[in-house]
Structures are given as structure tokens and as C-alpha cells.
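As a starting point, one isolated chain is supplied in C-alpha cells, in the form predicted on its own.
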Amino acid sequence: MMITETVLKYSTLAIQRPDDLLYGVSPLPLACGLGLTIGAGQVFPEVNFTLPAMNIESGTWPVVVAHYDEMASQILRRAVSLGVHGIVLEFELLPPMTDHPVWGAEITAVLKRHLATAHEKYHLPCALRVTPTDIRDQQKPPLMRTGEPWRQLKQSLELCAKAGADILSIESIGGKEVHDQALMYGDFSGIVFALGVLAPRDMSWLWAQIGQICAAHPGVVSGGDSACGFANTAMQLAHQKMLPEVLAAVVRAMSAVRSLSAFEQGAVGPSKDCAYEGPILKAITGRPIAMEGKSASCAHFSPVGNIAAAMCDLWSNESVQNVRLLSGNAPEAYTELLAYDCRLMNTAACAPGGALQLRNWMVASDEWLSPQAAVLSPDAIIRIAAAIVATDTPYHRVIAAGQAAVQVLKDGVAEQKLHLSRKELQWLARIDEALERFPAEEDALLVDLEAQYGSLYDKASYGL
């Protein structure tokens, strides 16, 4: 890893051996919040919670605040009851809360007050992650660096940092305006252009802004991003049989390049729970990551329920609504699910070789049942991560990551571990061939795709 001015350029791996890619352990543990250190040997739950279906407006705002007050109280009550050794609460702002920055800041303050009380009363190590919504796509084509949506988003980040956020994150959408259309039509050139040219440019600019906000508020760290709008969209379309799984798997690997841009601009983790590309980021940067899997079924289904936990430092449930279950409200119930998952992982880690054994079981239970799981094994992660750092620009890195993922899948098929349908095999061959045909430099691709995608994005928003 070499440093150029204030921007990191990763050219080697922080974790070079698959067996060193373990849950709960990161080469660069992160101290944040109220006495919490992430990645120093234990996995902690990160509880993500949201409102039931309701309108968010001035007239309902007191009810909204009451929901968050109740959720925080119940989550921490359950955490203390189960004796968790640390916890992270994640507040993902809903769009109206980012549109009205003072609303998001008010809830941030409510949540931080509950955490401060739990820390003081029960000595519970804890932290608050706050994730404003990226609302910059309110017009077509989206304006990423100017206009009222960006002003509101920036103010939301600033006010939430001031109100008590310990970790700032976002699920940024730069390049999504091209990626969505390319994905729907299976146009691999458009996918690579979005992930390798547009998205990294926006990420670099945006995370430089977030880094400045964090620097202005001591104690607030820049966490990480998520390719949710890209790779998770592909995963869900594949789940609905609208896209081939091999395409979703390759998109997942390639999406790590744009998420890496946050760390190159100084983010220190933990990356977002819905960033299933997180293990690649951990291998490259050594920073702790959050992950989600089987305990996120309240929000979405996936083929990676166990393998996603194999390398996590925070274990999350994605987002669960504040609705009543037989046991109690859903956020409190999901806190218990996460706490028991973490307890098992941490107990295994206390036995000689236990963490590696449990990790290997979690990997083996998913790895070859889906191409999307196959690219998340420790072996695959190191191969993809090594391919990324072996080249230079985001454009070249996306192609390299795609080629590494394709080779992982081809090897699985050749070894008769991964069984794909004829249609999936055809798509794999098609992707493999497409990756070989890209022009040497991104400028040529930009020219080639101008007629097809040029009207969908604002060039100035990407410094083009």
C-alpha cells in the first residue's frame, strides 16, 4: 500500500492467506463510539431497524420519534439481558429524514442518548452508525455534485455528525442511472462502464466530502459504502429469475472496486452490512467489515446466508420494521437472533482452531450451492482481491475482478463442485468473452457507449 498525498492507493493485500481471513479479526481494529473496538477478536451485533409502514410528515413526526425511542430502548434492554460484550446501532435515514436534515439529526440524538445511558449504567461498549439516504437522484439525469439534493444530503451528514453519530456511512448511487438500464438488458459493456468509470469517480468525490465532515467532528469516523444499488439489485433480480446468477456473482466481485474508493479516501470501516463485497475490502484494506446473511431475511432473501458471516466483524440483520411479534417487537427479537449468532462465533474463537473450523463450516454450507456464494469463499476473496490490487485504475480493476470471478466459477464447474444449468453456462461463457474484448483504456469505452448511455448521466457530475 502506498500513499499519494491524502489518497490511499492499495497495491498489496493486508490479508494474503485465505486462512487468515476470519470473522472477528482485522489487521486494523477500529476503536469508536463509547468504549467499542471492532475487529480485535470478537464479533458484535449491529442492529438495523426502521418504521412500520406509515407516512413521514410534520403531522406524524412525534409518532416517528416515539418509534425510534421505543426501538432503541427495547434493543438495548435485550442486549443487556443477553450479556452482549458490545453492540452497534445503525440508523438508516428514510428519504424524508434526509430531505429534512434536522429530522435525521433529531433521531440521531435520541439514539445516542440511549446508547450513552446504557454505557454509563451497564458499561456496555457501543457505537451509533448513521446512514443518510443518497437523495441525489431526484432529477434526470442526476446531479451529483451540485443542486438542492446534494446540499440537503451534505447538511444531513453534518447535522447527524454533530448530533452524536459515531460512524458515518452511505449507500451511494453514482453510476446507478447507467447500471440499472445495463443490468436489465444484460449489457455487460454498460455494467463495466457504470462500475469501473462512473461509480468510482463519484465515490472518490463523495467520500472526500464525508472525510472532511468527519474531520470537523472529533470522534466521528467515516465508515464505508455499499454496492447495494448495484450488486444487491443484481442479486434480487437473479432471485426472481430475471437475471442469471452468474451475472449477479460477477457483478458482486466487480462492485468491490467502487466500494474500495471510500477507503482510498480515508474511510476506516466498518463497511456497510449490505455490502456483501465486504470480505474483498477486508482482504485489501485490513479494515473491519459488517455483514448480513440469514438474519437479514426480514428484509430480503439471499443464497449466502451462512458464508456471509464467515469473515464479518459486525453481524447485522439488515433492516427490520417495528412491528409486533409474539415474543415482542421485531427489532428486539432480531437483537436476540444476532446476539446468539455472535455468542456462538465468539465462543468458537476461544477454542484452539475453533474460529477457523466454524468459519470453514459456514463457508462449506453455502459455497457451491450458488455462484453468488462461490465468489464469497475465502479462497475466492483472496483471488479477486489480488486481481484488483495487481492493476491500476478502477476501470482496469473492474475488468480484473470480473475475470477473477469468472475463473473461480469456471474452476468450480470443471471440478464438478458447482453445477450450473445450460443457460447459466452460456451466460458464463458470454461474460468471459465480453471481458476479453474491452478496450485498453476507459476513454475508448466512453466514446463507444455515448450514443447508448450518454443522455442518462451528467458528465460534469463525474468530472468528465
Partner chain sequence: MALSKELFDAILNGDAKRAHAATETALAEGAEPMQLIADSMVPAMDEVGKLFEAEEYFVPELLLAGRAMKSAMELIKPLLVASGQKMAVRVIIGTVKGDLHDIGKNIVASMLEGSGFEVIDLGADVSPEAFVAAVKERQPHIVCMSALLTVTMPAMKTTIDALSKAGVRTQVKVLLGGAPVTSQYAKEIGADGYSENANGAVGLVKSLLAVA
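Worth saying up front: this structure is predicted, and the values here are computed from it rather than measured. Residue numbers count along the first chain shown, from 1.
One more form of this protein, predicted together with its partner chain, exists but is not displayed; see below.
Comment: its partner chain is not present in this chain, but in the predicted bound form one of A109, A208, L237, A390 has a heavy atom within 4.5 Å of it, namely L237. In summary, among the residues G147, G266, P141, G186, the only one with a non-hydrogen atom within 4.5 Å of its partner chain in the predicted bound form is G186. Among residues of the shown chain, K423 is one whose heavy atoms approach its partner chain to within 4.5 Å in the predicted bound form. Interface membership of W427, defined by any non-hydrogen atom within 4.5 Å of its partner chain in the predicted bound form, is confirmed. In the predicted bound form, M242 approaches its partner chain with a heavy atom inside 4.5 Å. Not displayed here, its partner chain is approached by T233 to within 4.5 Å at the level of heavy atoms in the predicted bound form. Stretch 55-63 is the contacting one of 24-32, 407-415, 38-46, 55-63, since its residues have non-hydrogen atoms within 4.5 Å of its partner chain in the predicted bound form. In sequence order, L94, P95 are the residues of 90-106 having a heavy atom within 4.5 Å of its partner chain in the predicted bound form; the partner itself is omitted from this view.
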